[in-house]
Structure formats: C-alpha cells, structure tokens
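One chain follows as structure tokens, the form predicted alone.
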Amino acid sequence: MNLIVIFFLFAYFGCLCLSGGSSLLQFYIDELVVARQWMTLEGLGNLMAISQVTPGPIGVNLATFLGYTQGGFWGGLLATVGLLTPSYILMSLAVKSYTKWHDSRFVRSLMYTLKPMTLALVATALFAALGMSVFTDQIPFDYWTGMVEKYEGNFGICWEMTPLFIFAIVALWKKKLSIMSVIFISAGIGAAIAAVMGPASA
C-alpha cells in the first residue's frame, strides 16, 4: 500500500472531521469499505469497537488502526498525522483570528449554520453504527426512498444484540453509569453470548 496515499486520504478525512471522530464513520464506509475495499464492514466495526475501549480519542485511534492494517507501523503513523494535520492548521488559524473576527456577522452566521450540519454528521454516524451492530447490514435508505430499484444487501435485526443495545441506553441515560462501566459490562455480556451461541452470533 502506498504510504503517500494513506497520508493524503486521512488528511482528506481530517478536513471533514467537523464534529468529532465518530462523524467520519460513514466516510470510512463509503471510501474504505465500498470504494477501495480495503476491509469488510464487519472488520471496520471491529476496529471501531477496539477504538472505543483503548485510551485516546476514537477518531485518532481508529485512524491509527486503519492505517496500520494497510501499511504497518508507518501506515498507522501517517494515517494519524494525516488526520490531525488539517485540525492543527485550522485550529491555529482560528485561535489567532477568532478574537479579531468573533463579532463579525459573517463569522456568527457561519457558526450558526455549522450547528445543524454537525448534527447531521453525528446522526449519519449513528445510523452507520446501527448497521454494524443492531442491524445485520447498513440501513437501506436508498431502497426505501426509491433512489434505487433493487436492494442486494442482507438487512435485518440482530436480535441477540438488541437487548444489549437497550441496556446500554438505559444504563447511560437513566442509571447514569459511567461509559467505561457500560463498555466492560457489555463486553462481558458479548463474550458470554459468544461462548454460548458461537462467535458468529456475537
């Protein structure tokens, strides 16, 4: 794998990372799974899960893992640097200019219009994550809305994972458990399911 390609590809992703690393999930699916076929959707989901439980921001962790799978140590390093470079440049410019321009009507309008866009990116990432966990395939919005006539996927509900998904929501929202507690409890339940039903079920 060309290391230069890895660097510039993740630099491109870095330019799109406007609401956190998780918002890049759909871009990863479109580019790495569908277009370039570097990995399967299941493989991407596994790397995302690993990124969630390892220290550091999920976006950086996931970029490091993805780069490593394609280019070894240097691939992981260049993917990480590529992802962070646009943010570093843009934040440096923002820090230097925001005090001067924060009262500008243009800047206020820009900040106002970015809010719904970042919400849309987060929602897109949510749907993509559902397609790798609670459902057996990505949600076929194109087919449901009539944009494509034929659906060739395998969309359905992953019933054994649905109770775990509901548990996590209730634990985080209602019971106010820490994120790490929910992650480790869910991992334990998933391991138990795999032991009883086989790895393919988990």
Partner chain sequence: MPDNNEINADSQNVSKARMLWLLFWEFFKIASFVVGGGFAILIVAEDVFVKKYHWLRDGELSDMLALIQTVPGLTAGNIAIYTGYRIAGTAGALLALTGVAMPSFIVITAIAAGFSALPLDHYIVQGAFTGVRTAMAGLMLVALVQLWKSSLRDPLQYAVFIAGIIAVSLFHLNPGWLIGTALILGPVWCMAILRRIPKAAEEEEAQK
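Residue numbers count along the first chain shown, from 1. Only a predicted model underlies this, so the values are computations on that prediction, with no experimental measurement involved. Basically, rigid core = biggest C-alpha set you can superpose within 1.5 Å across the two forms.
The protein also exists as the form predicted together with its partner chain; that form is not presented, and the subsequent description refers to it.
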Would you please decide whether I4 lies within 4.5 angstroms of its partner chain in the model of the complex, comparing each non-hydrogen atom pair? no
Would V53 count as touching its partner chain in the model of the complex under a 4.5 Å heavy atom rule? yes
Although its partner chain is absent from this view, report whether G76 comes within 4.5 Å of it in the model of the complex, heavy atoms only. yes
Give a yes/no on whether G153 approaches its partner chain to within 4.5 Å in the model of the complex, heavy atoms considered. no
So which residues in 142-169, when you check its partner chain in the model of the complex, have a heavy atom no farther than 4.5 Å from it? D142, T145, M147, M161, L164, F165, A168, I169
Could you check, with the core superposed, whether the Cα atom of M91 shifts 2 Å or more between this form and the one not shown? no
Rigid core superposed: A49 CA moves 2 Å or more between this form and the one not shown: no
Threshold 2 Å Cα movement between this form and the one not shown at F127, rigid core reference: yes
Distance flag for T136 and Q26 (Cα, change 3 Å or more) in the model of the complex: the two residues are farther
Against the displayed form, F27 vs Q138 by Cα, in the model of the complex, with 3 angstroms or more change: pair is farther
